[in-house]
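Starting off, we have a lone chain in the form predicted on its own, written out as structure tokens.
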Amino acid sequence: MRATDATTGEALLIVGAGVAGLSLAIALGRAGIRVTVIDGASRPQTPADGRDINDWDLRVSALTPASVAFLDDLGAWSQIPENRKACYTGMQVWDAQGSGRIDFNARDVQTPSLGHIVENRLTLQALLTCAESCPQVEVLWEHGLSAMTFIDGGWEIGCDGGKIFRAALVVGADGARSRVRELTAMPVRQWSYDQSAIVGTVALATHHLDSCWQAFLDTGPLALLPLADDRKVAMVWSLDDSAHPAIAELNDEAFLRALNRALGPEAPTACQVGPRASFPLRQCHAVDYVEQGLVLVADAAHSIHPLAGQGINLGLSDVRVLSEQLIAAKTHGLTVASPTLLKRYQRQRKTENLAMMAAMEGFKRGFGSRQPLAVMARNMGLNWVDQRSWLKRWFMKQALS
């Protein structure tokens, strides 16, 4: 049976009820714009609040102060339990192949923190709570996207099960393997990093000191991110595909030995490890973020290496800028699909996203090189920056924004 929403020219539909999709829906809904969000998954269950090593989400994000401020504006930050927000004040970065190291501290830029580590499922749950309490937002689960056709100046969107929607503007917020992007044949530039990341929760023998710890190994970066427990951290270990299987298949005891050996004496000692998962690493960037009546945000538009934890922050910046443009359209009596405003969003976001992607690619290639001259150069560079407080302050201020 064919079912449609109201066929007015101003209908706005978001595909993907993740962090980006829900945060955009809330921002628009609070401004009086009616939004429907569809997602093929079932509604996520309320996360457990246990504190055992098996009770933490395998996926976490390093939220910058700017991202925290945006979530706070949406009403979501206060929905995340205080005892699950890990404020970090320091970053310790070193080259495991040499003596290069750099330390960052919030005190150097007169700020209380450099950011917060939060489990992804808690951020999502907080946003879902806000979205479901917003009268202008409707979230529909188990509505997988199956077809998209541009007709009569708008999009007809087909879902699994036969339901049909019509919208003047469709927002693709459905992740790195975007179905919106696929169905509309939006071209992308993508390549594999030839690496996979192992994620999991690790217990330490000592306090994590509210610091992020990151080692650059010749097989890929390894990071420990402090959780809201003095002796637990989230691990993200990126490994070349040639090295990944041997590490991923180890039992807990052997894995801990390999992890501590890789970290060396620079980091706290790991004494317990919880469940682990792996996922391949790819970089992807849409050639264009916008087409007629269509716009991509967050991972649907761009996905990058997780070594700096900037993916979610870039995505939230996309959402912030796009919501500002769409609210401006409403204020000035323009259509939500106004090409002028959508292209303005693209111009603003593409520059920053491309710069970050280039930086991550440079880090990955530079620190992945085993050439003696490259090793010597990057170690000298790390130590040189570490000795110049003004330059460290500049780097931190860029990361905080």
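The structure presented is a predicted model; accordingly, all values stated were derived computationally and were not measured. All residue numbers are counted from 1 along the displayed sequence.
The discussion below concerns the form predicted in complex with a small molecule, not included here.
Of the stretches 78-86, 260-268, 143-151, 242-250, only 143-151 has residues with a heavy atom within 4.5 Å of the small molecule in the predicted bound form. Put simply, residue 19 is close to the small molecule in the predicted bound form: some heavy atom of it is within 4.5 Å. In the predicted bound form, the small molecule sits within 4.5 Å of a heavy atom belonging to residue 310.
With a 4.5 Å cutoff on heavy atoms, residue 186 does not count as touching the small molecule in the predicted bound form; it lies far away.
The small molecule in the predicted bound form is not approached by residue 92, whose heavy atoms all lie more than 4.5 angstroms from it. Taking a 4.5 Å heavy atom cutoff to the small molecule in the predicted bound form, the contact residue among 343, 59, 30, 34 is 59. Of the listed positions (101, 330, 179, 276), a single one reaches within 4.5 angstroms of the small molecule by any non-hydrogen atom in the predicted bound form, namely 179.
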